[in-house]
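Let's start with one chain on its own, the form predicted alone, as structure tokens.
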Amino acid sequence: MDAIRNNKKLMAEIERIAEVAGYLWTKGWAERNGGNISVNITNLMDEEGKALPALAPTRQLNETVPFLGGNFFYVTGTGKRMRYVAQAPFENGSIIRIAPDGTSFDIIAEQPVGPTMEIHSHLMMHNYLRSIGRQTTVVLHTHPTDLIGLSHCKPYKDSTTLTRMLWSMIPEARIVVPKGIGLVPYAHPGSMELAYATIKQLEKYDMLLWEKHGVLAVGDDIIDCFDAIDTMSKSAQIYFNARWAGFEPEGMTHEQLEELVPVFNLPS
């Protein structure tokens, strides 16, 4: 569609989404159709694009998202593989338009690809963040092997303990993920239970570990969201590598971690 393809700013963002989808696949974090992405692209849409007709019947949302009324999102498709999103984002994802009253959405470009089964959860998260005044545009969910592994480990089924350990493996972990990582108890994928539990922690954390499932990151830039997950994944790898070598990693001391706070202007 010319209204989409001729919009250079929008296409640049779609290319960034495709770039990250490729990273998720090459990292081994996106087996089969694992993971999903939604990005608020409202500010990138021109008037011609906003007026595009629906390509499929209007879909009702499980919950109203009043703070997203009239907004537009690129969303990866249901059952689609990240490796194919990387190659062909419009054949494996779609642009949707939220109704003004926030009760439904239409698929408007480029093909009638149904959005991820977790679209309701994604939109609830976007809506919640807007409701507390945050203009967050990205929700990224993926399956990092090492971080999921930690969620099976009883000593780390606590956000404070988990964060402290991951921060202590490498200085960049606290610098890049200064709020730490929240832990959401297991609920089956795509469930409203998981969505509600996630929303409860989004005011405190920008990254959440879904127990025995995956990781969710929110932010203003999809590359930054990927980098945050990648950094915490590196910390988990350092921890596991030390354990495989037969010793408990020493980790950075409390004092060493606190030294980072004034240098990098981190929250204490």
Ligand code: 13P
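Note that residue numbering begins at 1 and tracks the sequence as displayed. Everything numeric in this text was worked out from a predicted model, so none of it was measured.
In what follows, reference is made to the form predicted together with ligand 13P, a form of this protein that is not presented.
Asks: Select, from the options 34-42, 230-238, 195-203, 58-66, the stretch whose residues sit within 4.5 angstroms of ligand 13P in the predicted complex by heavy atom distance.
Replies: One stretch meets the cut-off, namely 34-42.
Asks: Between 126, 80, 120, 97, only one gets a heavy atom within 4.5 angstroms of ligand 13P in the predicted complex; which residue is that?
Replies: Looking at 126, 80, 120, 97 one by one, just 80 meets the 4.5 Å heavy-atom criterion.
Asks: Check each of 149, 189, 171, 178 and return the one that places a heavy atom within 4.5 angstroms of ligand 13P in the predicted complex.
Replies: Exactly one residue meets the criterion: 189.
Asks: Should residue 27 be classed as touching ligand 13P in the predicted complex when contacts are defined as heavy atoms within 4.5 Å?
Replies: Flag for residue 27 set to no.
Asks: Contact with ligand 13P in the predicted complex for residue 116, defined as at least one heavy atom pair within 4.5 Å: yes or no?
Replies: Yes, residue 116 is a contact residue.
Asks: For a quick check, can you give me the residues of 188-222 that have a heavy atom within 4.5 Å of ligand 13P in the predicted complex?
Replies: Result: 189, 210, 213.
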